[in-house]
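Single chain ahead, by itself, as structure tokens, in the form predicted on its own.
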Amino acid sequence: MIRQRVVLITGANGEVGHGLIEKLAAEPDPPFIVALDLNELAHDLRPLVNRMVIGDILDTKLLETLTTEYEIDTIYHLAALLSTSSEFNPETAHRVNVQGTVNLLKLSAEQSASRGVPVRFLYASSIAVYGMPDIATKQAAGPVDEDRFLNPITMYGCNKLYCEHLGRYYAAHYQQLAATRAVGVDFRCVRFPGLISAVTVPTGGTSDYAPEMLHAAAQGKKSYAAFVREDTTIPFMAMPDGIKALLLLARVPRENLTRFVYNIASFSRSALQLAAMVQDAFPDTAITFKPSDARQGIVDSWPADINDSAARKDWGWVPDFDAERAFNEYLLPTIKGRYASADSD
């Protein structure tokens, strides 16, 4: 029996999964999409995938069933327990974020060996892998490249950094002591900055103070208290650029890549600058700052900016949205439309 060649998306019902499904489904020759998530896919996205699988990446029997039914060509591994949630449940986070990734890398290695060609494995990592030692170092560092300040202070960051190394291992060194080494996994990793989506409401991310203030204002709330100081600065990106990066990296020939892990950047703004943009659009909403010590400490450990020159050189990465375009052409009209439609229902 000839198995269907498929693209597998884990964490398909998350913020990145939504945008990725829409883009893949809109291609002239769309792939056969298998979406895997703990929850049923959003109703409007269900027709865009060929199969929805409700299940857990820790369920090895489920993953074995998928490999029996399908020839998995590409995996977009997006499933994760996010940063803030991971701090409340670090052991659970480790199981989901690390063991779940190991399960999928092993699946990919077995598929690669059986097919004789590497499975492309796109991994969504995060600026949480960084750990700036103090504010002075953060302010003096400038844009940080992929190989500096890798001392994360969160379980999520530790998980992501370790999984980057696991991906490199499965790509370059898996079964290195075997008589005949298996075909390696084609592991490719994007380190995302804080992602801001106009479509989905943020949940569980430590960088979510930015989208939260915008969604609160668009909902007509009179005030929003950001959980960080007004001078807090980290890199951000509009969700469409995040999706663009994954698709670009997936399509570039392996021989063009000089790394397994790539930073991507778009814009850096302080919380105060972001608040000013929101209040210009929604003057009736007061945005204040009430730092949470724990969450503030986490964002202070992340760089103020990151260096994405390797991605630009190796696979032509250029963001479509700077801060102004992201706000005026993507976030503001989409979010306003979202809540205006809800009010009219």
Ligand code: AKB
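Values in this document were obtained by computation on a predicted structure and should not be read as measured data. Counting begins at 1, following the sequence as shown.
Although it is not shown, the form predicted in complex with the named molecule is what the next lines describe.
Heavy atoms of no residue among 190, 263 and 317 are located within 4.5 Å of the named molecule in the predicted bound form.
Remark: residue 75 does not count among the residues lining the named molecule in the predicted bound form, judged by a heavy atom distance of 4.5 Å or less.
None of the heavy atoms of residue 170 is located within 4.5 Å of the named molecule in the predicted bound form. Although the partner is absent here, residue 205 lies within 4.5 Å of the named molecule in the predicted bound form, judged by heavy atoms. In the predicted bound form, the named molecule lies within 4.5 Å of some heavy atom of residue 127. Contact with the named molecule in the predicted bound form, judged as any non-hydrogen atom within 4.5 angstroms, is confined among 252-260, 138-146, 237-245, 119-127 to 119-127. For the residues 79, 163, 274, 82, the 4.5 Å heavy atom test against the named molecule in the predicted bound form is passed only by 82. Residues of 232-255 that come within 4.5 Å of the named molecule in the predicted bound form, judged by any heavy atom, do not exist; none qualify.
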